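One chain comes next, on its own, written as structure tokens: the form predicted alone.
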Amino acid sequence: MRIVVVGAGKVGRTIAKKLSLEGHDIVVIDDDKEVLDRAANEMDAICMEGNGADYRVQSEAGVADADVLIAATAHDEVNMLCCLIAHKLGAFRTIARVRDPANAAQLHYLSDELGLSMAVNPDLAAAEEISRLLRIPSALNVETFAKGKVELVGVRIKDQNELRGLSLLDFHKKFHIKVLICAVQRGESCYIPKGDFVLEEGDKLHIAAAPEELAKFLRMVYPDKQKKIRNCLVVGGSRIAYYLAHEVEKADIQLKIIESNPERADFLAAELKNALVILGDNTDHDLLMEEGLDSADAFVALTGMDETNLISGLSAKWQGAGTVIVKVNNENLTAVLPEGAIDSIISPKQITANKILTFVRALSCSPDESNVETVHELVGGRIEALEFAAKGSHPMYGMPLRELNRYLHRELLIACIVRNGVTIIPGGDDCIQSGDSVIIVTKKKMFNDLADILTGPIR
């Protein structure tokens, strides 16, 4: 497909790079020559210098013939104007990055005029991710599929954990819980494990299950991490902090937000009735200790500086805070961290890119094909977890998985099947049926259709 991306900042460049790797024809527009040169060095794309909200620039970029225009600049109003112009020029679909709560609320009324197919809010998506992590304190990351019917949770095997030394066959015999270990990261290596795979201390496991089964498993294996989070100290009164306060309201978690900008602190204090907002230097160690850093159930670093967030998170962990979550967009910074130094690291740009990637892959299919519903990257992008809607008819439907396995790509696992709202951890006698949601985990990339999991026709 021909895709135009306006904005070559962190989010736009990440999106364009992922789509370029999937073989799409990409045009990137930005008025900053330096960031545009960086984009040109990172991907196979046409890079145009100019104002993406100028119809002449969009015309020159061929927006009229584009399948999708993605507006990913740092300014909501510019993104909405880009979509409006693209719609008028004839772009088939438009996607806007929109962060401000006021603008997000208006999109429902403006979507037709903007020709908007999708709006992505990186800050809201990040807040939702943090909220899930606060709900499951033992998790390193939590991904959802099938409208919440399936969760894919990352956990680490630490010293004295009873998973250590178990093969996957022994694991299922011991626990008798409907969960599936579908990916393992061990140092620099990653695996989609089979029954004889033996778990070791330090392994990071990705486990899929229905939420209730997952909760049961985590209570058994990580009993010390199942204490409900009641209070959370947040440094940085960003938009993510604003959205997070609303996300955790129903969970009865008390947020304490430390913000150094007086105007921002006043805004948050006026808008957030269920959070305590404190004006102060969020790097002041004495202030953090005074506000209960050492006894906090959770600590979340959401300032605009990745380095500050990492240092704050490491300090919070050292001081004895419970679950520690930090926002970092520069993955190069996290590469130097020791394993397990911080409980969870979230990247709004990666979350946004995955949402848009899911949408674009779905566009690649005809209405009768089993298109992608959800895409999540695991192990630094080396493994993908995808949800497909099984549509129409296909020879694989109704075939027991023990027979279907010989047609599947190597290093691919059918992790879950959701049928009529019921989550199935599939065994050899189970099968895929039309109408199912099917979650697969694979090292092979760029699956757009459920039939892509097969190496060839079924005979």
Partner chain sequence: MVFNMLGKILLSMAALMVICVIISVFTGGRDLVALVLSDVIIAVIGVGLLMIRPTKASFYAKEGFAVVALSWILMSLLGALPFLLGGVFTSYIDAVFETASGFTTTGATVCGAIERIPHGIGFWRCLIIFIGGMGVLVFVMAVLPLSKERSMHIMRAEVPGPSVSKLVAKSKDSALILYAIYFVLMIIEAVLLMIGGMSPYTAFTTAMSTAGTGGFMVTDAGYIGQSTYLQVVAGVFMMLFAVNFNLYFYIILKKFGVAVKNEELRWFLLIYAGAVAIITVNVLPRFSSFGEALHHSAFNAASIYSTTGFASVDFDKWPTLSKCVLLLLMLLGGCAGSTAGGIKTSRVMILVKNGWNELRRLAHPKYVRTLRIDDKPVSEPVVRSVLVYFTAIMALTFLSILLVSIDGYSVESTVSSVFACIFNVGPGFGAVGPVENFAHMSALSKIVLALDMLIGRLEVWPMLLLFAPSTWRNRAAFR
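Quantities reported herein were computed from a predicted structural model and do not represent experimental measurements. Residue numbers count along the first chain shown, from 1.
Not pictured, yet referred to below: the form predicted in complex with the partner chain.
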Check all three, 26, 33 and 42, heavy atom within 4.5 Å of the partner chain in the model of the complex:
yes
Selected contact from 54, 403, 60, 411, since only one has a non-hydrogen atom within 4.5 angstroms of the partner chain in the model of the complex:
60
Go through 66-74, 419-427, 33-41, 391-399 and give me the stretch that gets within 4.5 Å of the partner chain in the model of the complex, heavy atoms only.
33-41
Can you tell me whether residue 17 touches the partner chain? I mean in the model of the complex, with a 4.5 angstroms heavy atom cut-off.
yes
